[in-house]
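Only one chain is included here, represented as structure tokens and corresponding to the form predicted on its own.
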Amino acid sequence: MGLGAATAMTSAFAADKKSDSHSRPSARELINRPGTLVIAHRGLPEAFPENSVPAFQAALEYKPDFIELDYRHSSDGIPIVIHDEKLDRTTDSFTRFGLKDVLIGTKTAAQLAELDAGTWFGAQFAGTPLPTLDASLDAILAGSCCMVERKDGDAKTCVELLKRKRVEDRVIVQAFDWDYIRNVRKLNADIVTGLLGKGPLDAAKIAEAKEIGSEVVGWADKDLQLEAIAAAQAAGLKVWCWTVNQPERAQQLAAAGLNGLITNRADVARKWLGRS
């Protein structure tokens, strides 16, 4: 399936839910709600190829508050949804190009659109394409808000895409590169932003996050201490945790006041948290 077919598929899906999406809360409204939000990490990656339109559409059935994705730029500057820097793990790039360790940034969007990003996960997903960020937003925003994680690429391209699609209020943009988030905020301070990190969430990190002006810090599960949640919240930040896939840990974090649970198990996470 090529880029045109993928775009047609997501556009049709978005059209089916257009009226429903207009009534949905904004990203800012969601992050300020009490309780623990559910964020579907890469869609529904334990049942569908991660970061694919089918994975996003499947996740929507379980009503997550956000669906998370990762993007990188093609060689011609188009944001493409994929986690890894190299194409090998989740596409047939070796078969297509005859090379190992092909970097996504060395191929055009048109070349990337011809790759099979589904067979690696299961034969029934053969022909699933790498989606553009544009097409992925259409699929996700038809029924949820989107957490857009930048892996590489400039801030201006992302901000301009969101503006063109008029969806600035339906997303949170996050990155491990805190300077990138500084640039997003300079371009459009109305976009909700998140700062990803690992290691100690200490006073210095909390102070830097406040200085940048981001609303959310998203921290590695293995490093997030319960007392750090309270400290960050006392500074006015929301705290999210990645990637939590065990119910006991999810419940422990929620009891400590965690604001957002990033999980591969959006199909059951709401039950873990006692949400219908």
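Note that residue numbering begins at 1 and tracks the sequence as displayed. Owing to the predicted nature of the structure, the values given are computational and were not obtained by experimental measurement.
This protein has a second form, the form predicted together with ligand G3P, left out of what is shown; the following refers to that one.
Annotated contacts: 42, 70 and 176 all touch ligand G3P in the predicted complex [non-hydrogen atom within 4.5 angstroms]. Screening 167, 142, 196, 206 for any heavy atom within 4.5 Å of ligand G3P in the predicted complex leaves a single hit, 196. Though the partner is left out of this view, residue 149 does reach within 4.5 Å of ligand G3P in the predicted complex, counting heavy atoms only. In the predicted complex, ligand G3P sits beyond 4.5 Å of every heavy atom of residue 266. When contacts are judged by a 4.5 Å heavy atom cut-off, residue 62 does not count as touching ligand G3P in the predicted complex.
Of the heavy atoms in residue 83, some are within 4.5 Å of ligand G3P in the predicted complex. Checking 208 to 216, 62 to 70, 246 to 254, 23 to 31 against ligand G3P in the predicted complex, the stretch whose residues place heavy atoms within 4.5 Å of it is 62 to 70.
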